[in-house]
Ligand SMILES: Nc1ncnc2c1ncn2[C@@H]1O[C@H](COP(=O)(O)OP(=O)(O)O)[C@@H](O)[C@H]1O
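Single chain ahead, written as structure tokens, the form predicted alone.
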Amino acid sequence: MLLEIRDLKVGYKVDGMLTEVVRGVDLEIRKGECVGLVGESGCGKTTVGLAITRLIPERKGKIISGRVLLEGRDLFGLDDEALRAVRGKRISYVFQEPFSSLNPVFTIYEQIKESLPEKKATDRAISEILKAVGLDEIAGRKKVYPHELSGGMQQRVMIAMAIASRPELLVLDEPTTALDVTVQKQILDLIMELKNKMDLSILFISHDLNMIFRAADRINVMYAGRIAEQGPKKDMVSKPLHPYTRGLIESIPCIGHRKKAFDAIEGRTPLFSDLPEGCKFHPRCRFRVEACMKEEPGLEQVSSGHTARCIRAKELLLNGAGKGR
């Protein structure tokens, strides 16, 4: 196992109070696999990604408890110097808005050079990295600045910087959200190509379940700060166990159902400061029963490697309610 997240809890400061927004997350990433983390905006998925290498700003939030193990070594127990040897080297990040992540006063060449493990970088090494991410047109050019590139090219630069140190784990946080559909596909294809060539492990964070289905080997669905369902992609697509996962799948546009109305999930994501009793999804769930309102369920294994936080998961699956597309 490359990375293990165990009972992670993170809070943010709101009006002087610490509000828990990641409420005990467990997640595993094996070597060479892509793990998807999907959920609505505000469910805590980005916070999970940032917490891995303790990137939560101290003035805004706090890692309350839990462990993050990189090949058995607890990253939360490292001092700042040891953690810097992990950030950007063994674990790299690609965020969703490349223009805000790139420094506008430095050239692309200079920024990639900073990401290389050996600072005495050769022009050839940087050119090879740029070519690896499909930027042949600027390879060898030292005076190109971020504002001269399109959004898709900027994101390719971010990926180039992330892979320059040859990391073991790449954390992708909504890497295609700010791009148009055609460029999204190009970036996703590039990521998958690099994963296979470099044997990368990937944590792919997104609100777009369709994108996650295309990229991930295993999927974690997150709701209200906890994992609602996790399992292999093929099982999540064909037999989703949690009503929330089912609702997300039914919201994916499908050309074969152009005349069919979407079964939208009712209501809104609850505020962390005002979470409902019992199952946090029950106010929006069409399969709720009285027991759902009393106690929040734990993750229950329904089949090999496939778990759900729903007391009716097995029953709904047997009755056909959990059948996917």
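None of the values given here were measured: they were computed from a predicted structure. Numbers for residues come from their place in the sequence shown, where the first is 1.
Missing here is the form predicted in complex with the ligand; even so, the following discussion is about that form.
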Open item on the list: Can you pick out, from 27, 68, 43, 35, the residue that has a heavy atom within 4.5 Å of the ligand in the model of the complex?
Closed with: 43
- [ ] Consider the chain as shown here, without its partner, and state which of 268, 294, 31, 60 has a heavy atom within 4.5 Å of the ligand in the model of the complex.
- [x] 60
Task: Complete contact of 106, 111 and 144 with the ligand in the model of the complex (any heavy atom, 4.5 Å) - done: no
TODO: Give a yes or no for residue 47: in the model of the complex, does one of its heavy atoms lie within 4.5 Å of a heavy atom belonging to the ligand?
DONE: yes
- [ ] State yes or no: in the model of the complex, is some non-hydrogen atom of residue 302 no more than 4.5 angstroms from a non-hydrogen atom of the ligand?
- [x] no
Task: Sequence-ordered residues of 11 to 37 touching the ligand in the model of the complex, heavy atom within 4.5 Å - done: 12, 14, 21
